[in-house]
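A single chain, nothing else alongside it, follows as structure tokens in the form predicted on its own.
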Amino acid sequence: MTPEDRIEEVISKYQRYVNPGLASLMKFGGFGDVEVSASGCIVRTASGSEYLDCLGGYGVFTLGHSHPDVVQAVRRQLEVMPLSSRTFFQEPLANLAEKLAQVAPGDLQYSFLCNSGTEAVEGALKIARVATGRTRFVCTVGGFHGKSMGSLSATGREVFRKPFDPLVPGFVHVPFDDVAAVEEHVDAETAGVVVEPIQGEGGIRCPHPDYLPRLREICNSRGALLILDEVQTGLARTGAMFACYHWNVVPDIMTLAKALGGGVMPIGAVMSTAPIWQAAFDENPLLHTSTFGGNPLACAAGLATLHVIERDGLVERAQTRGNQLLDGLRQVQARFPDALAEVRGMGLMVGVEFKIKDVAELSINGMARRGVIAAYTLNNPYVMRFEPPVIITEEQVNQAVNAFGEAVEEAVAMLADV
């Protein structure tokens, strides 16, 4: 079978058995190829092309693709016991929970291990309700917490929510980075305030310096829990082990996923303090469970990931490479002020806001043709997101910036000729 035939066969199966609308959208966007292998920051396709991955699985590939330490840890566990019998104590789970408690902010101590970010948020919502005896949550417009029914109720994107109304009751959404709006809605029935330290899907929106500290104060004064969704921002992505460190804020409950599996295994986690955990689970320790959550393979990957982050200084590396990326993209913005509105972000979680949607669409395609992929969706057509592996090199950052600059220049010229 030729590479062309292989690609057409895979696309045909998507159209017939997976999602025909998605298949058409991907082909229209210039991504009509099939990925076949990846390592480090490079993705290879069936056509023989290679791409510098600056999308990074929306935060999954902090360690890059197929990191050898994580792969080796999973392989070792695979040969011994891939899944738990769910009958006895499990050593990989115990070790990962201990390590998470050691690296987590403040006095977060206990962890429930699951399989994804949305599952982690579901767990956080349930723990908050049981621990407080309250049922309401204050969330943010533009916030993204997942697409299962509970986490979707917390998500502040109407494009995802509206088709599934009515959702779980008790959720109110206020503008992000608006302390007064949160203060107005947190009352005696509020179980928690749910917020991303930096909005990801919402367009890489960073809050003012006093935002999270003020939310912490509001929650303290009114008996609500501060729930920080660090699914995308956690584990070195923003130039800190957890983004909340940038504002010296400690949550009551924190969710993790994406990078925790080292780009090898799916895993999520919800963490809380001992008093909250005891209030939620002392009466019934089986109140919230998962058949595959905390399985030995995923826990082995999580332990290896945390080891690599600490050993290789990836927090500091995200700061250095992030500053380089921000500086380079801002130089491009200065060249095209009529097309680019803003470059913003922290560490290697960076967004470029366009003034013209057509320029954004043409630019993401132009970058792909130059061998660089970044994050862009029709749900947020004015913002291109850069979330490359934290192991990205200085030369690769320059490559990404150059491809972006050339793509924007080409797009602006094309529209000027129309």
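Start at 1 and count along the sequence shown; that's the residue number. Everything numeric in this text was worked out from a predicted model, so none of it was measured.
Only in words, not in the display: the form predicted in complex with ligand PLP, which the text now covers.
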Give a yes or no for residue 117: in the predicted complex, does one of its heavy atoms lie within 4.5 Å of a heavy atom belonging to ligand PLP? yes
Does at least one non-hydrogen atom of residue 232 fall within 4.5 angstroms of ligand PLP in the predicted complex? yes
With the partner left out here, check for me: in the predicted complex, does some heavy atom of residue 144 sit within 4.5 Å of ligand PLP? yes
Any of the heavy atoms of residue 258 lying within 4.5 Å of ligand PLP in the predicted complex? yes
Per-stretch contact check against ligand PLP in the predicted complex, the hit in 307-315, 195-203, 326-334, 78-86 (non-hydrogen atom, 4.5 angstroms): 195-203
